[in-house]
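Have a look below at one chain only, the form predicted on its own, in structure tokens format.
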């Protein structure tokens, strides 16, 4: 991993994610104590840092505390498919912890802060803490749910619908995780990144985003865009954001 700074541990009871609405608290003192011991430290990552590399083994897994990241796969000739985006509360490296190696890479899109957990203690979590084991299962199921929607988008939506869906999806995820607010509507995504997520050429992506801007749904800026009308994006994409349910878990 490059361009990272290891930080001292922050007490789990002081975790910034526990201040966010919609994120669950500890279910018991024993659970809080286990997580505090499970955690080994924190990392600050600069934009462009590879957090996990496809085909690699990592002794750690991470919970995102702050910042944006993305998952992707590459082909031998260098072509890249962005799979999903990462926000605070998401777990990185679970696949490598269970299957011994990653089949995708993870990169920091902005500055990120990560909570570090020791990979070799994952199974003790399943053995001793049923609620935490359920939390990991929930996170994996949620990721599958999002990937289903992304596959539908790439396979059946038009280019305009794909772009509208992606930006509405990112806005919704950013809002839920505290990265987006009424006063902070900027999504830090480049047109290259959007093209690699949507499976479109850069030229086609540029023309599609211009159409959304002409409809006053977004305003494009250097290295990202501002969402002006999320409901309008949802209408174009024929997509309904998930309703708020039980507080979402995280480690």
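Fair warning: this is a prediction, and the values are worked out from it, not measured in the lab. Residue numbers count along the first chain shown, from 1.
One more form of this protein exists, namely the form predicted together with the DNA; it is left out here, but the text below deals with it.
Peer 1: Within 4.5 Å of the DNA in the predicted bound form, do we find a heavy atom from each of 158, 200 and 204?
Peer 2: Answer is yes for this spot.
Peer 1: Name the single residue among 40, 44, 190, 56 that comes within 4.5 Å of the DNA in the predicted bound form, judging by heavy atoms.
Peer 2: Of the listed residues, the single hit is 190.
Peer 1: Just one of 184, 216, 210, 33 has a heavy atom within 4.5 Å of the DNA in the predicted bound form. Which one?
Peer 2: Contact check passes for 210.
Peer 1: Look up in the predicted bound form whether residue 220 has a non-hydrogen atom within 4.5 angstroms of the DNA, and give yes or no.
Peer 2: Taking the distances in the predicted bound form, the answer for residue 220 is yes, it comes within 4.5 Å of the DNA.
Peer 1: Within 4.5 Å, heavy atoms only, one stretch in 62-70, 22-30, 46-54, 191-199 touches the DNA in the predicted bound form. Which?
Peer 2: Of the options, only 191-199 has residues within 4.5 Å of the partner.
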